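So this first bit is one chain, no partners, the form predicted alone, shown in structure tokens.
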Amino acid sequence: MKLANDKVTSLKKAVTSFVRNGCHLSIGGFTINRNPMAAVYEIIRQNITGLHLYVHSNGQGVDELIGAGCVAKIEIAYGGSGKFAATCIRFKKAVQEGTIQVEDYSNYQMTLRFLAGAMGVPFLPTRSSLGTDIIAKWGFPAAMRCAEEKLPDQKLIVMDNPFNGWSGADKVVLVPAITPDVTFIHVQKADRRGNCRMQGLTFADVEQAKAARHLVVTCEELVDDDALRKNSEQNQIPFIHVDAVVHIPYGAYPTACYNHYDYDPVYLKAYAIAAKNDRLFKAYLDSHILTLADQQGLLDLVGSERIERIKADPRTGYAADLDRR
């Protein structure tokens, strides 16, 4: 019998329940670390389009969503997949061809924007980006801002420091809060109610999770309540923020999940080659996403030998002797 507070569900149902064409979506992770890739692939399979995407400094997840035609607008600090793509390839192509609209902020500003959303305040102040073109160059025109209820009227506001007695800054930048319709993050451990524990760097995932109207968590391990009561100070997200929990081992693959597996350099190198060519990229989408039922299908496709090669060394949390070339 399923308990009333049991939030475990399938990924397909979670995506169907919370992601709509044109919705405001946020995904966690950083470059090629702990991207919620299984969720990204399910969104692509369901052919969801017109997304307004928010990320901090994401890589593989951003590039595949954009390459698959799911994204219309993005607000971002940085998009890249390490040495495999200093700038995300399909992202770059979409920007150059004008098929998506982009508004950029600094890394710190994006963190503050998610934090403001999590705090329930409309903005937070910073000095980040003063003296840069982030202030001057806006990606979204005023007419679009007026037409879309979920967008702030302005990208940011530069104002005089109201506390004249403090001489540390003459000007401050106000950055607007982000409150996505839904956020997807991938974590190492979650229980059935939605309490979550991330290991290693958390990036901006905690702020992204708490800022969202709905939160879907995919996890490597689905554990009993008692498991997360031990050393509870290591838990970052309490169940009150979570709408759905999906147990998907290797749910971040081909990106890394600290203490479980490393990123797959063979996959990411091959992806970078395919992403540079429209014909090859379409073939990649068909063979690695659209014709597969789920994340297990992808793991079966790449083979157990590759998966074994990227398993984390329990001593370091990363794969030992992995050829990263």
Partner chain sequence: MDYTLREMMTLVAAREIRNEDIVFCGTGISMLAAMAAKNIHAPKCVMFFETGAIDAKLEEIPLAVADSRVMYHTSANGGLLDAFATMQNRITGDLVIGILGAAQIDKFGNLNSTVIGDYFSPTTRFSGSGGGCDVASFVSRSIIFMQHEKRKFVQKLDYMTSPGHLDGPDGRAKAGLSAGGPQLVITNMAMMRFDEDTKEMYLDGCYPGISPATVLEHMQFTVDISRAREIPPPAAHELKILREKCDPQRLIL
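In this text the structure is predicted, and so the values were computed from the model without any measurement. Numbering follows the first chain given and starts at 1.
Same protein, other form: the form predicted together with its partner chain, not shown, and the subject of what follows.
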Within 4.5 Å, heavy atoms only: does residue 161 come near its partner chain in the predicted complex? no
Should residue 271 be counted as a contact of its partner chain in the predicted complex, where contact means heavy atoms within 4.5 Å? no
Is residue 263 near its partner chain? Define near as a heavy atom within 4.5 Å, in the predicted complex. yes
Going by a heavy atom distance of 4.5 Å, is residue 103 a contact of its partner chain in the predicted complex? yes
Option touching its partner chain, based on a heavy atom within 4.5 Å in the predicted complex, out of 157, 227, 95, 151: 95
At 4.5 Å by heavy atoms, is each residue in 32, 128 and 137 next to its partner chain in the predicted complex? yes
Given a 4.5 Å cut-off on heavy atoms, tell me which of 81-89, 219-227, 237-245, 189-197 is the interface stretch with its partner chain in the predicted complex. 81-89
Restricting to 106-126, the residues within 4.5 Å of its partner chain in the predicted complex through any heavy atom are 106, 107, 108, 109, 111, 112, 115, 126
